[in-house]
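Shown below, as structure tokens, is a lone chain in the form predicted alone; questions about how it binds or moves come after it.
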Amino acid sequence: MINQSNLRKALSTVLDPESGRDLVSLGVLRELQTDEDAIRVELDISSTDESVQSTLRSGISAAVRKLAAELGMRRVPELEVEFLQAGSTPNPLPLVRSVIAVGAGKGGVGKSTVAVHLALALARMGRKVGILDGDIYGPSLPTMLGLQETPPKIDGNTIIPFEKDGLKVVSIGRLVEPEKALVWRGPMAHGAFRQLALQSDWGELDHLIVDLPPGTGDVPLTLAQLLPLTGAVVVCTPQKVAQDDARRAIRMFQQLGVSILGVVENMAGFTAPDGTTIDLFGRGGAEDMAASMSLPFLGRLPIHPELAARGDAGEPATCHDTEGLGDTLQSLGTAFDHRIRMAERGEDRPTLVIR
């Protein structure tokens, strides 16, 4: 008899025509129902392309017929496939007004630093803000927010967020042993992220900022399928090599139907004690990229010793009171807040959706 286990294994051979990945590793299987006479498969997908749905339906049907033959079944159960679009189910976090992803095409561009300071800037404006360390491969928020020695709190199956500098914080880095290598296959990554997002007691929030892992892998896909995203911010350094990867991250969000709230250029020059500015990685590259893609540019952050030092010390909020740097951070936060408000009013739409 076909059961959920062997059906899931069979569906792992069905490839999504848009991503080229199988349905199981993509984490799009919402529900499987099986009995002797009927099978129902529900999928979370962002695409409304009828040809994509037809290809998936045919692939699922073929996989079910093959499985039935392997099991020696005399007849193939009736198959029902339903595609559930974004917004077709209730928001799993109804008390959270907006969810914003912060991503990057490659590692090392300061994505987590930008995510933390954007969240802090909103909190200093009086917003209720949470930040989810979605970088389950290399969580850095415990160090950046000084939470290494704070014991995690679990109430039954519910994660109680840490509270620091006006932020509610959840990170896998405080739920596993220190220095443990976090090795996740696709379904494991999907499950871990889902648990962090949905089993945390966020309470009532204006904004939940999600610090994503770099690249275009499982976690961004899971986030887009799991929660209604207000939009995404992409972080990039001025170098062309970083821009190339940032473009891929932007295209990924657009393909998922997620608005790009803006681009942030990080590591944009260093000001020496004598006032001389040295553009170690160039300047303006990320702004030029944003302009070429018709995307908003939120601003740039310099290479500043205090950003690194106070992040390492777990006290990044004090950067917002540092002369010069504080003004830059708050200006960036103001631009970010403006873009969020536009998106919430429906004035911001995905610039391009690639099928």
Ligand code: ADP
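Please read all numbers here as calculations on a predicted model, not as lab measurements. Start at 1 with the first residue shown and count on from there.
Heads up, the form predicted in complex with this ligand isn't pictured, but that's what we're talking about next.
Annotation: in the predicted bound form, residues 230, 255 and 258 none come within 4.5 Å of this ligand through any heavy atom. Residue contact check for residue 307: one or more of its heavy atoms lie within 4.5 Å of this ligand in the predicted bound form. Remark: residue 107 counts among the residues lining this ligand in the predicted bound form, judged by a heavy atom distance of 4.5 Å or less. Mapping the unseen interface onto this chain, residue 112 counts among the residues with a heavy atom inside 4.5 Å of this ligand in the predicted bound form.
Contact check for residue 225: every heavy atom lies farther than 4.5 Å from this ligand in the predicted bound form. Partner contact region in the predicted bound form: 295 to 303, out of 316 to 324, 295 to 303, 60 to 68, 28 to 36, criterion any non-hydrogen atom within 4.5 Å of this ligand. Note on contacts: among 169, 129, 267, 100, the single residue with a heavy atom within 4.5 Å of this ligand in the predicted bound form is 267. Between the options 49, 288, 42, 312, the residue in contact with this ligand in the predicted bound form by a heavy atom within 4.5 angstroms is 312.
Of the residues in 127 to 157, those that come within 4.5 Å of this ligand in the predicted bound form through at least one heavy atom are, in sequence order, 140, 144.
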